[in-house]
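Next up: a single chain in structure tokens, the form predicted on its own.
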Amino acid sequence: MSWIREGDLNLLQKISANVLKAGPMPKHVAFIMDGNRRFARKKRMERQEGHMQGFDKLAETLLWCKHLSIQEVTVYAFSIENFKRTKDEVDGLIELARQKFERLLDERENLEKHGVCIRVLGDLNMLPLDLQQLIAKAVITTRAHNKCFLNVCFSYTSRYEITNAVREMAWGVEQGLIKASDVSEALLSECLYSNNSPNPDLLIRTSGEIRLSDFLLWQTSHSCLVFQSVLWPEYSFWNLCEAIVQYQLNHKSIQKARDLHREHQALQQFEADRACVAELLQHHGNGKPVDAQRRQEALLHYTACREERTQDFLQALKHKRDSFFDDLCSEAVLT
């Protein structure tokens, strides 16, 4: 089954989509695609077939998102916690991933036609090398595409992602790229796997479970969360419309919370910069009072230097991450 489907909505779906698009629409939707195993039990089929049906539903959902002008989708494909499942199920999921990423590479022309950029978020070192190499090829092949984005969280949990972001900042300090005083909430956000994406506007979890299961905990603090009882392989266009209506009903309060958070974050950074400047002036001024103009000049200079340091660090981090995928592709060519 293709990742990117061709096709159109039926007349009723088109009318409904146009009505929805008259209101505020989410630009980025995240899915916890839960219920594949329960669907398999319900239909008395093998678990692996349930997961196959789940992938088919993802492809269909991406088509709906395209028609609803949703430009970015993030899906929870494989949690680090999934490694605790039975060996047969884990092996089956890994094999399914191999098949689907091989299929994706076969669809390069279609991906280019639609401008689909594939990103895979997670610790790929936990996966078999051949699967890492397939994923790297998919990421590099679509890296320059910019019309729509599919983020696949694979070998991922949010707490691991946040811990890794802290490690990246510690690496930056060790390398002399940034100072310990440069570490901030905003910088941590830039060190997450999802740093290239805006935070999701809407997160949807299927199957009736009302928890996030360690998915995008940082990114969804100001997102609309919708929990639906339908099993993922049975998800429908109308379920998606229902979730979007929930987003629209809560759009104003979500936007207000985001704006307030941005203001608070900017104020926090300003206060942190001012404290650093005060300490520097006190140290270099031998305790002598400093006039307001000199304090202001010192603050502007410090802020500019901090921003330059952090941008250089983020460029180094991007190079490190890009090199990881490039090296995997090089190894694949040699083997």
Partner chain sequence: MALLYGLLWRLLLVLVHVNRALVSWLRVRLRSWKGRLWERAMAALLLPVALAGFSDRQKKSNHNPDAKANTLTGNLTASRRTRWLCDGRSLEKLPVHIGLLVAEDEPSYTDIANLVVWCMAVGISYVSVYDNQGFFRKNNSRLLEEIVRQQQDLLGAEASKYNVEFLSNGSDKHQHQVLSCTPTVKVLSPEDGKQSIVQAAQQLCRSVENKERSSKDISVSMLDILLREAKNIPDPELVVKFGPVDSTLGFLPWHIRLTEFIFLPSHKNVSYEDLLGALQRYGACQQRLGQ
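Numbering follows the first chain given and starts at 1. Predicted model, so just to flag it, every value in this text is computed and none were measured.
There is another form of the same protein, the form predicted together with the partner chain; it is not shown, and what comes next is about it.
Student: State yes or no: in the model of the complex, is some non-hydrogen atom of E102 no more than 4.5 angstroms from a non-hydrogen atom of the partner chain?
Tutor: The answer is no: E102 has no heavy atom within 4.5 Å of the partner chain.
Student: Under a 4.5 Å heavy atom criterion, is Q315 part of the interface with the partner chain in the model of the complex?
Tutor: No, Q315 is distant from the partner.
Student: In the model of the complex, is there a heavy atom of the partner chain that lies within 4.5 Å of any heavy atom of L20, even though the partner is absent here?
Tutor: Result yes; L20 sits at the interface with the partner chain in the model of the complex.
Student: Within a 4.5 Å heavy atom cut-off, is D214 in contact with the partner chain in the model of the complex?
Tutor: D214 belongs to the contact set for the partner chain.
Student: Heavy atoms within 4.5 Å of the partner chain in the model of the complex: which of the stretches 304-312, 33-41, 54-62, 291-299 has them?
Tutor: Among the listed stretches, the partner-contacting one is 33-41.
Student: Only one of E109, D88, E174, E263 comes within 4.5 Å of the partner chain in the model of the complex by heavy atoms, so just point that one out.
Tutor: That would be E174.
Student: Have a look at S223, S194, Q132, N239 for me and say which one sits with a heavy atom within 4.5 Å of the partner chain in the model of the complex.
Tutor: Contact check passes for S223.
Student: Any chance A97, A275 and H319 all have a heavy atom within 4.5 Å of the partner chain in the model of the complex?
Tutor: Answer is no for this spot.
Student: For the heavy atom contacts within 4.5 Å of the partner chain in the model of the complex, list the residues of 124-162 involved, in sequence order.
Tutor: Those in contact are R159, Y160, I162.
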